[in-house]
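In the form predicted alone, a lone chain appears below as structure tokens.
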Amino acid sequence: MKILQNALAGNINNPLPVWFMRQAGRYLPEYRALRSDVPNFLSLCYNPKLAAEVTLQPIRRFGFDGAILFSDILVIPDALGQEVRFEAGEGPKLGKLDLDSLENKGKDAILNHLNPVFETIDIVKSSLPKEVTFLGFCGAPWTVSSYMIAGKGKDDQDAARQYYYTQPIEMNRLIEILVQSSIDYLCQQIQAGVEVVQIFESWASSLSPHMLEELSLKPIRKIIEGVKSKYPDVPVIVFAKGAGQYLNQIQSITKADAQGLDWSVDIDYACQAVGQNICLQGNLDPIALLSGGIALDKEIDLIKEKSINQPWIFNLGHGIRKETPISHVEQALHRIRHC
């Protein structure tokens, strides 16, 4: 069994398996060179040959134990028919939300739109070293809906929360649309060749406890149940950023195979909250990786020490910062694997 999947099965590994969120991206010179010739970000996501190349770049350079599909969580609203575009320096912009139109979009039409993603998976799996685990992903319904409602991204969940308070029926409709679309999307990724899937709940921290359960955890559970009904042996990781105080509830409600931790979570507490049989993933501060040096070594050593009795996948507590030096990633991997 591959080392990363061995951890997901509840086993302790030495050295720890490791991959980094956003390991394929702007901190790599080879990515920047490739990206400079592509007109926009979505064009890159929908170009199977180029997206596969980006997925493989960090594997060739660093030898991570996991390769994560290069794509974006907003391909789902794009496939549903809501306008999605990425503007330089401003991030994603989305068109007007039309629930009736979204509900009328059939499964076949959605998956046909996303076929370039599945072609990317096919290319990657044929080139991936046999010891490397291939991860797919989707955004959680709350996170994706917050973009769809606000019409933009980045720290703006107020509009989505207000939508929930003022239009609860419509909010539930939107969440259900995203649940079913995400099930179909993840299942098709698995059919195409990914071996593990991760659900990104990037904006969990913006929700009150009861809203977290209603808008995040229960919909995630439905997605996991839908995926497991077809692919019971494929592990599912849930990463709920900013919700570390709810690890026990996240586990009991979603029944995820593993939980990702951001850097604010105390590891001793996390291990106690989920139990020793559940794999945890994380949780190096991306700023520590950006900083490098002795401080980076100390942070890595602390995580290794505290996770010694827990099934663990070493990762960041969020994505690699684009300014991160290549040498710091090399330093981190050496420290994780050899020290």
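Predicted model only: the values in this text are computed from it and were never measured. Start at 1 and count along the sequence shown; that's the residue number.
As for the form predicted in complex with a small molecule, it is not shown, yet the points below apply to it.
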Counting only non-hydrogen atoms, the one stretch of 247-255, 169-177, 110-118, 195-203 within 4.5 angstroms of the small molecule in the predicted complex is 195-203
Are any of the heavy atoms in Ile73 no more than 4.5 Å from a heavy atom of the small molecule in the predicted complex? yes
Using the partner position in the predicted complex, report whether Gly91 sits within 4.5 Å of the small molecule, counting heavy atoms only. yes
Give a yes/no on whether Phe62 approaches the small molecule to within 4.5 Å in the predicted complex, heavy atoms considered. no
When the contact criterion is heavy atoms within 4.5 Å, does Trp142 count as touching the small molecule in the predicted complex? no
From the list Ile303, Ile68, Ala273, Cys279, which entry has a heavy atom within 4.5 Å of the small molecule in the predicted complex? Ile68
